Structures are given as C-alpha cells and as structure tokens.
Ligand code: FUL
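Next comes just one chain, in structure tokens: the form predicted alone.
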C-alpha cells in the first residue's frame, strides 16, 4: 500500500531538524549590559565592555541542564558593537579592556556549545546605529562582509537570526541623526539569504516572515491557539495588527512551509538589568504550553550580567523549571500500549494505529485518501491519572488537521476533555487530573487524509 501523497507545502530537511529542537536559548549580551539599556544608541565606547568573569562554558552548561538543545548569541545588536574582532570595524571587542583587546566572545561561545553538545546560532542585527554609512549602499556591503566573517570562521551555525528593527535615530559615526530605510529592499535580503545558503547550507534563516521560520508576532511567549506552519510568501510588514495576527496564526492555505518561532526573555528585558528578576515558575510553564505546546519552537533568552555570567537567580529558576517539566511530562503512560482506529489505510500494518505509541518517529497512522474524519483510541490497560495529552502529525506529508477533540473514558462513559484546531508539529493539551483507562482522539476535519505519528498521555 502506497503512503498518502504529500499535502503541500512540506518542510525541508533543515526545517524538520529545526522542529525537533523544540527548546533553545538566546544570549543578549553587549555594551547595553554595561550601560543598563535595551537599545544602545551607537555612541558607546568599546571601553565600557569589560566583563570580569565571562565564562561561555557556564552559559552552555546552564542551557544544557535546562534541556535546551542550542543557543543563539547576539554577535552584534543595534548599537553596532561586535563581539568578535571583525576586520571591518574598530567598534568591537578588539578595542575593549576585556582580555586586553585580544578576546573573541563568539569564539568562546561556539567552542562552549560544542563542548556541551549544543547547536550554535548567531544574531547579526541589520540595523547599526554606530556605522557612519548606515542607510547608504556602503553599509550593505559592510553588513554582507560581516555576515561572511561569522559564517566562515566559527564552524557550523544552526540558525541565523535577522532582527526586524530597522532604521531610526542613531549616532551614525557622529552624524547623530534619524535615518529611514525601506527594509524590504535596502539590505537585498534575497542575496544575503543566498550567501547563508552557500556558506551554511544547513542553517535555518529567521526573520519576521521567513524564509525558513517566521516570528510569532509577539515577544510575550505565546503562539496562537490555531497555528499553521504554512504562510503565503511576502506581504508581511510587522507593526500592523493584521499582519502580527497573521504571523501568529499562519495561513491554512499557505503555499510555503514557514513555522513560527516564539522568542521571549526569562526577565522583563532582553539585556540584563540589575533591578529585574526572572519570571515566576508558573509563568514559564504557561509559556512552555503556549509555544512548544502549540507547535512552535521556544527561544528563551538568558541575559548574562556584567560579570559575563548567567545570574544565580536565573539558574535556580531554570532548574526549578526543568524539574517541574520532567515531573509533569516525564512519564508517557501510552508508550508501547495498544491502539485501535476507526480506519487504517488499506488495512495495511505499516499504517496501523499502534504506530502512534511505538516510540518510532518514522512511523505513523493514517487512513484512506478520501477520509477526512476518523478516530483513534489508545488503551492504557488500567485506570490511570491523566493530566495532559500530546499529539503530533507526520510532517513529511504536510500539516492536515483542522479540528479535533480528545475524550477520556471515565466510568465507562466518554468525556470530552479538550478541543482544538491545528496539531502540526505538536499539540499539548492539559486539563484537571482524571482517571481513565482509554484515550480517544477524534479528528473532526482535515484538509487531506489525516496522519498522526505520536500520541502521548502524561501522568503527573
């Protein structure tokens, strides 16, 4: 029996690898850390950058202990200060007191990531409030040169992050004026993306609207309850409410695979500010369930302090968070349990319902081509205290499900405990604890014959 025809669009291999990451970290660290600003103006002296105990290994170890699978460093933020000794500017670590001007934060960062088995990503701000030529053609060449430096000197990069803040007031080499640019055309992003593809073919490209992954439309830590991994190309100008909402929802009829990344900081600010504290544990839980739990990847910012270390309070909160996640989602009561479905594609064992509990990410359950609604039931074998369900579609065949519900059998009666629209990469549904011996997934509507590769049932 042949598998279903892919329901277009479908993710590329690099996008599939990205989906599997689920959780990784951001490191916002530059002159702003020492001036107590969020956005540096561009006139900051390199002399202010002087961490007393910078330890990139501490960053990587903290991320690894928290369950992250990668880290992204702000190699250059809007202030224009470079955390590596770029040969194209003097506004960099080569002219700061740290290590007598002989340091390279990017090098220490990527080496630490390698040591702790984390993937390394880099953020290079298109806006530069320091550079005298910003807003003119010469700056675009400068930016391209710096991008090439970063992508050729530091090994494999898993994600390149292009910020959406572009143009405004700045120092600009002493001009101290406001400069406006057309962000759609000024940087020639297609040429920059082509450069990344050439130098780092496995890297994911992030910007507000792609081309590989998109912004979710907010920095509060949540995705929309309906979240398609599909979008139509172009036409996004974040700042308009309609476009921000569209970034959150995605588009059911989208023609390109552009899933959403959720970026949020563990503190109120993106850079470390001494007066701020990490978010409470329940807020981090809510972020987890509204980002990873709605099919996105979570990019959680961990800002190092003026020592060059992630603060102790943040580390303690992350350890609480990891322990609580493991307690809540560490045991899958459905693993290896029998499953049955209203229909199996061609009655072929290769597409059987049991595939959703076999722990194999390459197997899946599906139905015949004309079927758009179906049910699948997992037998837990005995009454089990259930608090959450996780569902995943088989992404190589595309995103299909438009409406579904989850039912638990309680005292021989089926009780609807959750309803939803999209599933996609993953959907996590939580509810008050109930004892049940069977869980039933109802697919009410799908764009093409539905697929599921995983059903997990969690007990607190």
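Positions refer to the first chain, counted from 1. Computed from a prediction, not measured in an experiment: that's the story for all the values here.
There is another form of this protein, the form predicted in complex with the named molecule, and it is not shown here; the text below is about that form.
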Legend entry - the named molecule: the contacting residue among 263, 314, 212, 108 in the model of the complex [heavy atom, 4.5 Å]: 263
Inset, instruction - Please pick, from 189, 222, 270, 88, the one residue with any non-hydrogen atom lying within 4.5 angstroms of the named molecule in the model of the complex. - result: 270
Legend entry - Non-hydrogen atom within 4.5 Å of the named molecule in the model of the complex for each of 41, 132 and 139: no
Legend entry - Among 341 to 349, 77 to 85, 369 to 377, 113 to 121, the region lying within 4.5 Å of the named molecule in the model of the complex by heavy atom distance: 77 to 85
Inset, instruction - Tell me, yes or no, whether residue 161 is in contact with the named molecule in the model of the complex, where a contact means a heavy atom of each within 4.5 Å. - result: yes
Inset, instruction - Please run the contact check for residue 400 against the named molecule in the model of the complex: heavy atoms, 4.5 angstroms, yes or no? - result: no
Inset, instruction - May I ask you to check whether residue 394 falls inside a 4.5 Å heavy atom distance of the named molecule in the model of the complex? - result: no
Inset, instruction - Report whether the minimum heavy atom distance between residue 26 and the named molecule in the model of the complex is within 4.5 Å. - result: yes
